[in-house]
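Shown below, as structure tokens, is a lone chain in the form predicted alone; questions about how it binds or moves come after it.
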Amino acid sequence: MTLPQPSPATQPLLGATEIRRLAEEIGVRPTKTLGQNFVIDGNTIRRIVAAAKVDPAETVLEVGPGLGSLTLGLLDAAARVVAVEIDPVLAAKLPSTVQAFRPDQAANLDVVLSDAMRVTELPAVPTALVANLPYNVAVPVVLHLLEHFPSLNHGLVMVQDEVADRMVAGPGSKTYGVPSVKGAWYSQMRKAGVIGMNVFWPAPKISSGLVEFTRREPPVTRASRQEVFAVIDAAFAQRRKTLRAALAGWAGGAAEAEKYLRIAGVDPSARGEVIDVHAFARIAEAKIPLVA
């Protein structure tokens, strides 16, 4: 799996020297707590931006811009970038970095100092998400943003490679689980490439995977998203159990679970890892009383 080739470079991007200089200026050392790994290779940035298929008229949401490696590449491709940064020192530095490297595009950047898991409003309406996400919160962040920003039509996120595999897995796969099903509620996801370790500072111990997503309508169901997600969580809490056993607590007993599963057309002896998001929606709906 290879990334698209970037268009010819027109403006310089941050390399290892610039990244380390900027970090030294503000006394920043990447921390494991915040999952900080800064991209130090400009060509990798160009390839990521090309793979994201950003339209020149779009507003892009970036989470965790760090020192601005990807931010500069996104400003070259999009009309506007809204960058959400949890680290106050990095958030304060980013506008001046953009002013120094892209003075004609500085007005096209909004920096929001916040935890991405808490953001529900932004200064501009984003249509794309492109981000190098901290490994430890990647899946919750993506699900949160897809829930609260329905304007996000597509995106590309860089996550730990094994997390990428879980996000894009289909029913029956060994890596299929909660991230796979909940992601499928909102979008079609596919793996768009793999990024090696040496393009980061500090270098992580595992490669990164690129996950591309395209928004789609959720399954048609009388059940709410929360009700469907409760079934998903229960089904995978002990993934080796049959659905009849795994959903007993959710349903109020194994017999009740079997009843709802049969109404939904799902084999009670099956396991959660073999059914898709539409089946989970049918199970959740089966528990909702019909209103005369």
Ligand code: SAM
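Numbers follow the displayed sequence, beginning with 1. Because the structure is a prediction, the values reported are computed rather than measured.
There is another form of the same protein, the form predicted in complex with this ligand; it is not shown, and what comes next is about it.
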At 4.5 Å between heavy atoms, only one of the stretches 178-186, 96-104, 127-135, 147-155 reaches this ligand in the predicted bound form; which one is it? 127-135
Could you tell me which one of V163, V211, L75, V84 places a heavy atom within 4.5 Å of this ligand in the predicted bound form? V84
Could you tell me if L261 has a non-hydrogen atom within 4.5 Å of this ligand in the predicted bound form? no
Can you tell me whether Q36 touches this ligand? I mean in the predicted bound form, with a 4.5 angstroms heavy atom cut-off. yes
Does L109 reach this ligand in the predicted bound form if we count a contact as any heavy atom within 4.5 Å? no
Report yes if any heavy atom of I195 sits within 4.5 Å of a heavy atom of this ligand in the predicted bound form; otherwise report no. no
Contacts with this ligand in the predicted bound form, stretch 40-66 (heavy atom within 4.5 Å): E62, V63, G64, P65, G66
